[in-house]
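Next up is one chain by itself, shown in C-alpha cells, the form predicted alone.
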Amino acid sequence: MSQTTDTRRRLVAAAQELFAARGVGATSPRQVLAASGVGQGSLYHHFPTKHDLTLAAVGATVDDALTSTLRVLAADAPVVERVVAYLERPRDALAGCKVGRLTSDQAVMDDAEVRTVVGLYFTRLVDAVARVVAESGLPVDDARDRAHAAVAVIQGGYVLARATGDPEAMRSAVRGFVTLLRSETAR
C-alpha cells in the first residue's frame, strides 16, 4: 500500500470511528486529523472539504456493513437459516447501527448526497434480504415485506437496546421474529 493510500485510509477510518461515536455534525475535520495522526496538509490534499471526507467515510461505513451482511446472506444454507443468521449475527446492541444512527444526524439528513448514500444502503440491504426470502417461493411483494420487517427488527432492536440500556431488548426482538419466521415455514 502506498503512503498516499495509507494516509487516505487512516483519515477515512478515523472519520468513520468519530462519526459513529459523535455523529457527523459534531465531528470537526480537526478532530479527524488528530485521531488519524496524519498531517494537516494530507487531510486537505485528500479531502478539500468536510463534505468530501463525510462522503468517503459514510460510503466506507455503508460498504463495510453491506459487505458483511451479503456474506452472511450468501452462505450455503436454507433460506430461513440465512435470514436467521443475518438476524442473529453478533452485534453491539448498545452501540447502535453505524449506518442507522446516521439517519438521526441532522448534518447527514441535510446533505442530499450523504443522505442518498445512507438511503441506498437500506434499499440495497432490503433488496438483498428480499432476494433470499424470494428463493423460498414467496411472491416478490411478500418477500419484500418480510425483508422490510427483518431489517426493521434489527434497527428497532438497536433503538430499544440503546433507549433502555439493555442489549437483551434487541435479542428479544430478534428471537420473537425468528420464532415467527420458523413457525411460518413449519406450516
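One-based numbering along the sequence shown. Treat the numbers as computed from the prediction; the structure is a model and nothing was measured.
The same protein has a further form, the form predicted in complex with a further copy of the same chain, not shown here; the description that follows concerns it.
The three marked residues, 21, 106 and 183, each reach a further copy of the same chain in the predicted complex, with a heavy atom inside 4.5 Å. Picking from 127-135, 144-152, 47-55, 33-41 the stretch near a further copy of the same chain in the predicted complex, with a 4.5 Å limit on heavy atoms, gives 144-152. Using a 4.5 angstroms limit between non-hydrogen atoms, residue 29 is distant from a further copy of the same chain in the predicted complex. When a further copy of the same chain is considered in the predicted complex, residue 160 lines it closely, a heavy atom lying within 4.5 Å. Interface membership of residue 67, defined by any non-hydrogen atom within 4.5 Å of a further copy of the same chain in the predicted complex, is ruled out. Residue contact with a further copy of the same chain in the predicted complex: residue 175 places a heavy atom within 4.5 Å of it. Residues from 39-58 do not approach a further copy of the same chain in the predicted complex: none has a non-hydrogen atom within 4.5 Å of it.
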